[in-house]
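The form predicted on its own is given below as one chain in structure tokens.
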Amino acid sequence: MLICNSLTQLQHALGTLSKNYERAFVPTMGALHPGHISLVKIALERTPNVVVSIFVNPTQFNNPDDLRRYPRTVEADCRLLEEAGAAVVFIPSAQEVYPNEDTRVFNLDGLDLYGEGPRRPGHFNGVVQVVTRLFDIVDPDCAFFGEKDFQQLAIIRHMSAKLGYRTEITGCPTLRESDGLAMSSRNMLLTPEHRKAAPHIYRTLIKAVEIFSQSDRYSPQELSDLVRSEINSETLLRCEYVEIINSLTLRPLTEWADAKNIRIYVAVYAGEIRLIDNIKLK
């Protein structure tokens, strides 16, 4: 596995990859866990030319404290990636990725109007900035993203096509701990007490799926209210929002007839740590 810190090193490493196979890309912010490694393994099923980036992108953090707290475990990350079989790891500085300030502002066609969008102003614009920048640098044939960040995945898929990138975007299933908690780099920041309480989020989402499948007597708003109330029944958790959305338009539903593709997603504070999760309803 080749480890690169500069664009010059990366271009040399990319030149060593076999031209008989596609080039796959897994962008990450590091602090890797089995969910990240599952993306690498899915990519390896397609091609041995798997490039992984580790870059904590400053332009997608609207909260400076969140950027400061974000865990950084580069040496351990590299060991995991080498064991998984990645071919190249790109670990650039902000100066390498943004030699000049990135002032691009994207029209996200309304995909950022709900969910994470209004709660994290500028976040998705920063995501598109870094993903397009990394696509320009790596020039991948295919790229792999986790469904835990479902809204992010939808926006990347939409904007990649809109901006004319040739890269095929693949969404990969959310990996979970044995108790159901969605794997996230932020989980390592949880206190033991909050870590114990956090699986209540997924248990509540499972309960929502069961309610939805057994009865249509609840409206989307009523089911959202039930989910919020159930999450908040765990005193160590505080639900920021619950939205039941059309998974194609990302717009909240007012009636079940509004969509055949329905997903529910939530953001929850466990102490100071903000966790997100989602599940398919229909």
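Keep in mind that what you see is a predicted model, and the values were worked out from it rather than measured. The numbering used is simple: start at 1 and walk along the sequence shown.
Although it is not shown, the form predicted in complex with a small molecule is what the next lines describe.
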query = in the model of the complex, which of the stretches 142 to 150, 206 to 214, 188 to 196, 109 to 117 has residues with heavy atoms within 4.5 Å of the small molecule?
reply = 142 to 150
ask   = Given that the partner is absent here, does L81 sit within 4.5 Å of the small molecule in the model of the complex, heavy atoms only?
value = no
ask   = Just to confirm, M29 within 4.5 Å of the small molecule in the model of the complex by heavy atoms?
value = yes
message = Test of understanding: in the model of the complex, would I91 fall inside 4.5 Å of the small molecule by heavy atoms?
response = no
message = So in the model of the complex, is the small molecule close enough to L181 to count as touching (4.5 Å, heavy atoms)?
response = no
message = Only one of L175, V130, V138, I169 gets a heavy atom within 4.5 Å of the small molecule in the model of the complex. Which one?
response = V130
key: Partner-contacting position among S247, S224, Q60, T47 - heavy atom within 4.5 Å of the small molecule in the model of the complex   = Q60
